[in-house]
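Next up: a single chain in structure tokens, the form predicted alone.
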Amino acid sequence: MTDSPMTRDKETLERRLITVASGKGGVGKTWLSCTLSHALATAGKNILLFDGDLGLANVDIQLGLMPDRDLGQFITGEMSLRDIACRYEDQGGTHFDVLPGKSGSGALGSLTKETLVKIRTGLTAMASRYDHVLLDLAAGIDPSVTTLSKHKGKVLVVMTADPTSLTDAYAFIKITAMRNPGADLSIVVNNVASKREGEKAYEAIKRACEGFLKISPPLAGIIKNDAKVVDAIRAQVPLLARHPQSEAASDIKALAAVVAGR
């Protein structure tokens, strides 16, 4: 039996989704989502960034946005995802769209599976208008994360060299591989002192995945520790707009090239 055109189209659109996830908080996942979105937009891609850290949304804060609409109005049926989208644009004119979450609303952290599937379906439909749709999800493996990340696109697992980060990243990979067999998982090692430190952290998680899960997620990128990152976060400006020549900016550009398939 062959797939119907509708099924093939859905799979094509799902492949434009890129989940940015992590096993634990504090690894720079939201910063990476914002900065990677900006890097892809700088490279000429049409990008949508979805703030899917339900209940603790802060993409708008990192980008210095003050949206007057958010995901809550989509969930209640008041607006479509397209209606709540807003635009981030830097001083040079580079821009991408943002679907704001609802910061500080614990209610969004306990959405039903049906509502989560509705959000994922809406994001897949929105992908027809973009080259890539990035999903910045909550840390951990709660139902909102596993449901929203169940698609045919890339899943970037962000970790640091900290042993607890490695353990939690492995747990995320294990659950994702179980619930979404064949998931396109890859690793991003963030905030390391050197490329070698990042490579060692990657080799450690790769060995664990190969030994226990019989999968070998590739390394998508290594982002080195850079004081310019902290400065950009405090200024609520993407790193590539504030410090385009910084070492971390070069690392992000390299990651964007991998994500874009160049």
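One rule holds for the numbers: they count along the sequence shown, beginning at 1. Worth saying up front: this structure is predicted, and the values here are computed from it rather than measured.
Just so it is clear, the following notes concern the form predicted together with a small molecule, a form of the same protein that is not shown.
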### Query
Does residue 224 make contact with the small molecule in the predicted complex, using a 4.5 Å heavy atom cut-off?
yes
### Message
Can you tell me whether residue 41 touches the small molecule? I mean in the predicted complex, with a 4.5 angstroms heavy atom cut-off.
### Response
no
### Message
Taking the small molecule as it sits in the predicted complex, is residue 237 in contact with it (heavy atom to heavy atom, 4.5 Å or less)?
### Response
no
#### Entry: Non-hydrogen atom contact residue 139 with the small molecule in the predicted complex at 4.5 angstroms
yes
### Task
Tell me, out of 205, 54, 47, 229, which residue has a non-hydrogen atom within 4.5 angstroms of the small molecule in the predicted complex.
229
### Query
What is the one choice in 191, 124, 149, 165 with a heavy atom within 4.5 Å of the small molecule in the predicted complex?
191
## Note on the structure
Only one of 65-73, 26-34, 193-201, 210-218 has residues with a heavy atom within 4.5 Å of the small molecule in the predicted complex, and that stretch is 26-34
